[in-house]
Structure formats: C-alpha cells, structure tokens
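Only one chain is shown below, in structure tokens, and it's the form predicted on its own.
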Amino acid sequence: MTTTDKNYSMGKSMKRKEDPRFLTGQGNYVDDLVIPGMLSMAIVHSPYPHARIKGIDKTAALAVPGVKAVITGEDLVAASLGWLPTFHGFDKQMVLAVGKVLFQHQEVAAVFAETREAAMDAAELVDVDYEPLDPVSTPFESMKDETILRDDRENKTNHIFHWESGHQDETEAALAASEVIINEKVYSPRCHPSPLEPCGCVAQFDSMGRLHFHVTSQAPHVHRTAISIVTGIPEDKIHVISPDIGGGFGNKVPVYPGYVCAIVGALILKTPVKWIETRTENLTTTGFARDYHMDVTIGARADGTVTALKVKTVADHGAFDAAADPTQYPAGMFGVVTGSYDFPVAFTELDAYFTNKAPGGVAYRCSFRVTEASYAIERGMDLLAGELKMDPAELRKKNFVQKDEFPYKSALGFTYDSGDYEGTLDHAMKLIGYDDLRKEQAEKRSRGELMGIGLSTFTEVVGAGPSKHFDILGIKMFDSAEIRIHPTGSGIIRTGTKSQGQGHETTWAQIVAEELGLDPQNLLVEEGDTDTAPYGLGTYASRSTPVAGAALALAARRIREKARVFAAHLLEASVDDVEWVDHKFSIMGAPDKSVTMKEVAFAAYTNPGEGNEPGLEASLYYDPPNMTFPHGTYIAVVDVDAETGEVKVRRFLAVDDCGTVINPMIVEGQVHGGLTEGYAIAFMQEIPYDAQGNNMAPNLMEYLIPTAVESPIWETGSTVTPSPHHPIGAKGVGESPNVGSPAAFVNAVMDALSPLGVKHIDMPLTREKVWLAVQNAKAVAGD
C-alpha cells in the first residue's frame, strides 16, 4: 500500500476512526476514573428561587457514616474562594450561595463522603434555614427595578447591559418612508443543550502539590487559566485533562461551582474528589440557551424590496451573567440578524436583565446567538411575504445579497466572505419539487386541508474568532496546531480544540493527510490534555474547522516546506527545483524522479543532508482574519390536523453550503444531529418557569429529547462556496442545522395555518398551542 491513498484524503467519506471505541463501549469518560481513597461529592441545592439564608446546620449531615466534610459559601468566602469570574467578563458568580439564593436549585453547600450514596444522603440532611423572598421571574418584571436581585453589585439595578449596532436614525427614517411595514414579537424560548453525559470532574493533588483535574470540558486550556485565577494555584501547577465527553453543545464551556468545590475538597481533605452531576442538576444549574424576546420590524417597497430592519430584544440572563459570549460582543453575533438579505439600513439593540433563574446563555449549537438572529429574520421575511402576498421564495430571491457582491459588508458591520444564496435556494427548490408542492397545497386548501411549506434561507457566522474582536476572559480566540511526523511516516497531531463527538480524530487526520500525502489511518489525533496540547480556546460555536482546521493545514504546509529540503537532498537536486505534485515531491520537468513524504520522513531522521536540521515537526497559532459565513436553504413540508393540533412533518430538506467539505459523511451526520435538535426546539423543548420562579422542566420527563421515532426523515443536499480566506476553504457546519431549521419548521406551520388568519405562534409548537390557535382563529371568523 502506498503512503498516499486518495481514498483517504480530504473530501472522502472516510469512516470515523473514533467510532469503534465508542460503539464497543471503550470510551474513556470522567466517571470511569477511579482513584484509591477517592471521595464523592454531592451538592445541596436551594428549593427556593429567591430566599435569604438565615443559617446552615451541618450537624446531621456530618453524622452520616462515611461523611468527611461539609463546606458552605461562608467557608469559601473565608478562604477567598467564594466567587468565580464568568466567561462573559461582565459579571461574577457565587460558588456557593452566601446571604441569599438567587435561583431555584442554586448550589448552597457541598458534602464529601466515602461513597456517592453517603454524600447524597448527607446532602439531604444539611439543614438550611431559608426566609423566602418574592421572586422576579421575567425580564419585564426585572426592568422595573422594584426588587434589586444583585445587591453585591455596585450598580443597584437589574439591568446588565445595553448593546446596539447599526444606525437608529437612518433606520427609523427608512421605516417611516416604507410602503409596507410588518412588525411581530417573536420569542426564542429558554432551552438546554442536555448532552448525553452530564458535567463532572475528578480533582487530585499529587505529592508535589500539582493539581490533576479530569473534567468534562470543551475548553481545557481556558479552564486551566480560570482555575488558576479563582484558586490562586499557579497555572503550571494545574494539569487539566478532558477525556471523552458525551456531547457538549456549549454546556461544557463554563466553569461551574461544582468544579471549584471539588478542587477545594481535594485540597482540604488531601484526597481525590469526584463530582458527577445528576441529570436534574445538569438541567437546572448549568448553562441554558436562548431566552430572547425579539421585536422585529421590516420595511419594504410595494414590490417587496426591503428598505430597513429594526430588531429590539429583551434578554433573560438569569441570576448571574454567565453567558459565554465574547467580551467585546455582549450579545454575541446577534449582529448577523440581517441574514442573507441586502438591507440598506438596519438597527438592532438588546437589553439584558437579571432574573431569579439559572444563569447562563451558552452557545448551544449556535455561534453566540446566531440561532436567535436567524429565527428573527426568517420569521420576519415570511411575515413580509404574507403581507405582500408574495411567494416566500420569490421575496427572498428579490432581496438576497448577490454572489458577485462578496465580500459583502452588512448594514450591521459584518463582512460576509462568500456565498451563493440564490444558487443554493434554486438547488433546494429543485430537489424537493417546490412548484409541485405548491400545486398540491392549493389542491388541499380547496378541500379545507392544512398543508404548509416553510423556508429558511439562513446565513450563519462561525469561526470565532479573530483576536481583534473575540476573547474569553481577555484571552484572544486564536487556536493552535502541533504536528510531529515520525521516521516511518506516521505521526501525531495535537490541537487546542476538544472534540465532543464531532469526529476530530478523523477530520484532523484527513486535513493533514491531504496536505502531506500520508495515510490518515496512521495519524494519531490527541486533544484535551493541557500538558501536551498547545494552548487553544477549545471547541464550541462551530469554531474548530474554521480556526484549528486552518492551523492544521498551515502547520502541515510548514512541514512540507521543511520536507522539501530533505527531498532535494534525496533527489540530488536544488531545493528550488523540487515541487509538490500529486502528494509527492518531484523534480520540475522530470516527474518520474520523485520521493514520497514517507521516504522523506525517514530521511529527516536518518539522512537529512549536511547542514540540514533533522526532524519533521511544526507548531502554529492561527489568528483568522475574519469569521466564515456558511449558509443554507431548508424547506419543511407539514400537514396540520385542525381537530387535534397535531403537526406531521412530511418532508424536511436541508441544503447546506459550508465551503470545502472535508468528510461528507461526518458533515451529513452533524446535519442530521442538528436538525433533530432544531426539530426538538421547534416542537417540544422549553425550560419554562412559573410566576413563582419554579423550574417546570427539571428532568427528562418534562424536558423532552426526541428519538429516532419522533424525528422526521432528513433529506440533505449541498452546494460548495469556499471561504476565500480559509487555507482550505472550509467554513464549518455543526451548528447550521440548529440555526436554520427552527424557522423552517415554524414557517411551515404558519403557512399551513395562514388560510385561518393565524400569523404567529411562539415555539415550541406543541399540539395544545396549535389547537388553541386554530380554535381562536375559528372563533374570530365566527365558525
């Protein structure tokens, strides 16, 4: 077998290298780690959303056999460990509640015991004396400032920040001059990433006082830095290891109080401590997503040409502003709310508020609020199409940014790299038979049946990010790659990212194999160990391929340039006369005289040539010049039963353009997963709170996860518009399906209900909501 096997190079559907491990139960997870003498930790949570803590009695808990210690917030404050910084940079968060609790299930105390059962039993015996306080359960109540939730802050207000982008006066003037205006309030509900494996950690100090911290982390290096900042432990004394983690979706980016408590327990008890949270703890205390109330206004001429966009948003950030947005973008990349359309002017503003809810706002399958932005504009465009009585596809084509206008600077300041929106829409309409579907719909409507066709032609922005704009805790969002090629032509690849199931072990090997003409099966990928991997910002917000993938390609090219010197030595030619053609080095004009990279690798260590530095490895830090902008067209076809409110998704087609495709099978798998999550958000998932601040979906009986039984059959397609600034033209795809699909689903249902006069229903579109909307519409019509 040759070392260059095109069947395994980039663009091929190579089977995932990591799958045999996962499919045979051989994955290595945090909870698998067992260390002699290790204690288990359980956390005491508040039953109240807002209450003063009058006292905590540990006596009964400490009396449980096997219990070694109970720590409270007061204990942590005494040790200067009471607060931790949030990644957002605008706030800080209590590790354990001190003085009062601010959301239901907030962490109040930590119990350490010889067994998990003893720790959990004892946690129930920690006697906390609460004085309930009136909760603030919505941001609209919060903005009145009648109850100040965060009296630890200097500013005595519940308002966290105001952010705006665009030109307000010009937008208002353009709207005033518009011939048609639509306005609608749309809500993107609070939901939760709910990875397969909850969060957890094992903290262990070795005999030299060095902390070895196994943790379910999407960003191990950032966690190492954050732990150092919180605890004061020098960063070189902290070793973070993130092994296999069962999904992340943004949920495993923040630092949680449980991590800090486990470290404190290991430090004071001088023995390893494990903490694995329960599903309810994961659903009620770790980072949620969405919870944006958006007021969308679009102005247009009578022919459908858009003239202006205004979006005003109220955001519920819970008790602490722990949103994982870059500090310079407090509302993340919501500025992409103009979507795929050429708005002459636009203005968006957002105000965030504290409430008595769990903190967070994570990048759950969206690049820092792009899902909310895409939902807002795609609902808005459909409402405009309805107002103008235009086909939604024709309205979109009329207003798309044209493919010869890239790089395109939007009215809100983003510079889109490339795209062919109309080409992708045309391809999708042809694949699904759009015209025939519209004919079928007309026939069904004539019989009183409710059939809907929903479009979403979204633009995402991923690849956070350019250091001039993006950071976490002030750390710039570059990423890194290190490649070592061994004498026999195998090698090891390390990056600062961390796969949670995306297939990095395969994808990264394919990129390097393509650049160096090596067999990807012999390229080992290693991530998640801060002692070996180069510093990186981790994996979330679809940033791995746009940033770390670029770093890998460029690092491989550095190796190739060094290898050229060895090749010239082997070919007895001048370096300038050696070229890289068809995955091997050849002498210009004499292609029959060539050497493979595998032969060159052996020479690099055995016969490098006089004066040449031996070895074949490179490392590189990549700071992207811009984000990447994948796009797509999604089309949903639904039937609605007016008598029951049941929505049947008959077909769903996703046509994605994520630039250069590295492994089509992995891309398709990510699209399937993202569409399933989008379907869940559109029809079943929400973490609602009642007026008393109680979390009404604290387990998987109330917070529903779709299985293959509930999920539609996904149809997929693709177009390819490479990114001009990415070394291999890749843009990223993991979050696109979740960004694009909710609007397609909702637009389809609203299209089905449009003959009844129903214009909008907020997600999730449960059977009850749809049925009530139908009944209300009939009542208004006098049926």
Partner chain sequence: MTTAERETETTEVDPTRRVTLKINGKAYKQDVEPRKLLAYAIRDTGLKGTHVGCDSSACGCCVVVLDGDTPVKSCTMFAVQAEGREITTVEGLGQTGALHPLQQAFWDQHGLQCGYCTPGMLMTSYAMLQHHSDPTDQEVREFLGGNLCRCTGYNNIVKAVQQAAQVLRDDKVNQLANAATGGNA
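Residue numbers count along the first chain shown, from 1. Small disclaimer: the values here were computed from a predicted structure and weren't measured.
Not pictured, yet referred to below: the form predicted in complex with the partner chain.
- Message: At 4.5 Å between heavy atoms, is Asp19 in contact with the partner chain in the predicted complex?
- Response: Answer yes; at least one heavy atom of Asp19 falls within 4.5 Å of the partner chain in the predicted complex.
- Within a 4.5 Å heavy atom cut-off, is Asp57 in contact with the partner chain in the predicted complex? Because no heavy atom of Asp57 falls inside 4.5 Å of the partner chain in the predicted complex, the answer is no.
- Query: Any of the heavy atoms of Gly669 lying within 4.5 Å of the partner chain in the predicted complex?
  - Reply: Contact with the partner chain, yes.
- 4.5 Å heavy atom contact, Tyr540 and the partner chain in the predicted complex: It does not: once the partner chain is placed as it appears in the predicted complex, Tyr540 has no heavy atom within 4.5 Å of it.
- Query: For the chain seen here without its partner, which of 673-681, 73-81, 375-383, 332-340 has a heavy atom within 4.5 Å of the partner chain in the predicted complex?
  - Reply: Heavy-atom contact with the partner occurs in 673-681.
- Task: Check each of Pro712, Pro608, Gly89, Gly645 and return the one that places a heavy atom within 4.5 angstroms of the partner chain in the predicted complex.
- Result: After the contact test, the surviving option is Pro712.
- Query: Pick from Ile229, Leu700, Ala177, Met696: which residue has any heavy atom within 4.5 angstroms of the partner chain in the predicted complex?
  - Reply: None of the others qualify; the residue that does is Leu700.
- Task: Kindly confirm or deny that Thr280, Gln500 and Gln685 each have some heavy atom within 4.5 angstroms of the partner chain in the predicted complex.
- Result: So, yes: the whole triplet contacts the partner chain.
- Residue by residue through 9-32, tell me which have a non-hydrogen atom within 4.5 angstroms of the partner chain in the predicted complex. Contacting residues: Lys15, Arg16, Asp19, Pro20, Phe22, Leu23, Thr24, Gly25, Gln26, Tyr29, Asp31, Asp32.
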